[in-house]
Structures are given as structure tokens and as C-alpha cells.
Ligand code: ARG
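Here you get one chain, nothing else, as C-alpha cells; it is the form predicted alone.
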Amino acid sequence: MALNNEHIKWFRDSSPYIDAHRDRTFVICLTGDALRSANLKNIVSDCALLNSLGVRLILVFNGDSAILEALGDEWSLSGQHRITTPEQIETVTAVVGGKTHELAAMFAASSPDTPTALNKTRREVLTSSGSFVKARPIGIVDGIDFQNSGNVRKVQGDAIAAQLNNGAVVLVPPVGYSPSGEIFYLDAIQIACETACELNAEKLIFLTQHEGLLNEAGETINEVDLSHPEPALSTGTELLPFCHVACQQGVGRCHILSYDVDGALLEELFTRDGCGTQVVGHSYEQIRDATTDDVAGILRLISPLEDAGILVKRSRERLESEIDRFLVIERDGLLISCGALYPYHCSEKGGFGELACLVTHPDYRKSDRGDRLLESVEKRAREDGLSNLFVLTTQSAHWFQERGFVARDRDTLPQARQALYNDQRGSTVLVKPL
């Protein structure tokens, strides 16, 4: 029987994320025209799948398009907010209520079927909605009275958490209620941000018309690190302030994806590289010193090259004793690159450092990780007072030469390293002045 190896590999690779996402709270916000997208049923189906995998899911949705169909040009816009009159709020609540019921029906129709041989009972996805958001009026701004358009006063986190504890997907419409009984139309993006903060959510996910944040060249930006200067954007600038607030308030990560791309949600959540833009308070890919907890990950990186004879074999015991020599690049919990620096302080030739075990995971070799790690090793060598960096290689001489290393005779090496040179391997000696 032929096996679909690609699907098998994808499922195996996704298993760490399945475990990591279980019992976590995700807030998903349908922005813009998401409710009119031809892909909406697939989004709901994927949300139902997340629910079946143990994700605590809150779905906030925008009602602008549907309300505009009902009210037309009479529902005026000033700046970023609609002006909603007391007469219009009745239509708004009717439209939004209808959309809430439509979404609930779609979830009911998207309940994952369990194999009948194992369980003849169809698993139902529960949904819950209610007055989870307290609101206050926007008021009068620059002489314009926004009437029944409001801002979020408070999200009823305990009430939402109670529904999540019962396994329900919580649907949050873009309306809120004041203590005096007034109804206000609210910004769904603001609701989603406040809800994620109130429930200390792991993720805040915005589904938009674009495939993430785009730079000025129209290219999707894979990650925005809010601890660095913001990149120049052509789209999505209105979302970044909310991402700032969410990350500052303890939300793990924000994601910006397209609601028109089928499977974008699953691709972003269950693969290492995702498909949209991830916004973090600090980069989820970092270069750092290795620790003893990294020994197993380093062994996984170098073992294939050791088996191929490209690297000299290192035992776990040796690696543990030399772990302070290593730098690693960690990406979302996975070690994707490693390298080591062994210093030789010798007065006759100046300080030398040996670069060893520079290895990058096969999935990331067509990127700049090797260069970045080399730069970090060179920086550390300079800090240690070393004036030259050398490497012994059997198959990567060209790569190092392209980065400033020059072939030298064996006697260029420090005396202590010459004594350890393996004649059988016949490694090329390459040196780079620092």
C-alpha cells in the first residue's frame, strides 16, 4: 500500500504544537469582510478542529459589512469609528444577532465526526454568546457626537472563562452594554485585544484581507519583533498598536493572517514557519549560549554529519563537559543551528580561536542562520582577546572562503592544535583574521 509520506511527516511535525496548544486560550478576530469570505466555512471548520484538540477558543467578529448592507450610507463614518444613532442601534443589534446565530449554526455543522467503529456518537461543538462586554460611549470628539458607538469598558473574563471551562467556543459580537442598559456598537479589534489581555491568552489572531503584514515592496513580513524599531509597512498599521498593548499585557504572541487563504490558521499554528506575520514582544528566534539542557538538541543536529564522516564524533559526555563553548540558535523551542569556539592563547602567534561544529538544521540551510551564528562566534572571539579564527573542514572550504577565511598550512595552527591534527581526515586549514 502506498503511503502519503508528506502527510505523515506533517502530522509528526505538528505533534509538538498539538501538545503545546492544548488548554491554551486563543482569541481569533474576524476583521473587515471576513464574514463574507468564501473561505468562512473552512475557517469555522478549522476552529472546530482547534476546539476538538483542546484549545480554549474565543471568536470575535466584525459586523460592518452586514450592517452597511442594512443601513447603507446613513451609517456614517468619522475617522476610524462609525456614528451609530439610537434608531440605528436596533438594526445593528438585529444584524449582529443574526450573524451570531449563523456562526453558531456553522459550528454545529462543522462538528468533527468521530470514527463510527470507535464511537457512534457525533461530537458536537458547543458555542456560547452573551453580554460579555461592558461598554461606554465614545462621546463627543472634535464636535462630533458618536452617540451609540462606544469603546470597551470591561470584558467579563470570569463569565467567558466559565464557558471555556465547559468546552464551548465563545462567540463575541461587536456590541457592548452599559450599566444603565444602553447598547453600543464596538470595534471588534479593540474587543479582541481587551479580551486577550483579560484572559491572559496565549495568542491573539487577526484574520484580515492580507496574508500578514506587508512591507513597502508588498512582501509578507514573517515576524515583527516589537522590541526593535517597527518596519515600514504598506498594510496593517492599524493592528500594530493593539499588538503592542496585547504583548505588553502578557499575551504570548499575535498573528496576522488572511481570511481568504484556506488552511492559513492551521499552517500558522501547527508548522514552524507559519504562513502570515507573527508579532512578538521579543523575537522567538534567538542566538544564545548553550546550556546542558541543549545537549540532546545539539546531538540531533550534529549526529547525521558525524555519521557521514563530515564531523568528528563527540560523545554525550564530552559535549556536556564542553557545553559552555557552544552557541545555538533556537527557533520556537527547536535548536536549528549550533557552533562552538575553542580558544588557544599562545604568545608566539597571538590568540587563535577554533570554530567547530557549525551546523544548521537541513530545513534552514538556505537562509542566513550560518552567517548569523558565524558573526556571533567572531564577536565572542574578539571579546576573548583572540586575533584569528580558524576552522578545519573536509567539505565546506568554499563556504568559509566566501566569508573571508584563507587556506593556510597546518603549521599556522597553534602548537597544541597541531598535535591533535588527524592526518587520516586531511582537513583543510582555513584562517580568518579578526
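Note that residue numbering follows the sequence shown and begins at 1. No experiment lies behind these values; they were computed from the predicted model shown.
The discussion below concerns the form predicted together with this ligand, not included here.
Exactly one of the stretches 159-167, 253-261, 99-107, 294-302 approaches this ligand in the predicted complex with heavy atoms within 4.5 Å, and it is 253-261. Of the residues given (D273, D289, D145, E285), D273 alone sits with a heavy atom within 4.5 Å of this ligand in the predicted complex. The partner is absent here, but in the predicted complex a heavy atom of E268, alone among E268, E354, E198, D187, sits within 4.5 Å of this ligand.
Contact check for K203: a heavy atom falls within 4.5 Å of this ligand in the predicted complex. A residue is said to contact a partner when one of its heavy atoms sits within 4.5 Å of a partner heavy atom; Y421 fails this definition for this ligand in the predicted complex, lying far away. Of the heavy atoms in E182, none are within 4.5 Å of this ligand in the predicted complex.
Q278 belongs to the set of residues with a heavy atom inside 4.5 Å of this ligand in the predicted complex.
Residue N222 is the only one in 208-236 with at least one heavy atom within 4.5 Å of this ligand in the predicted complex.
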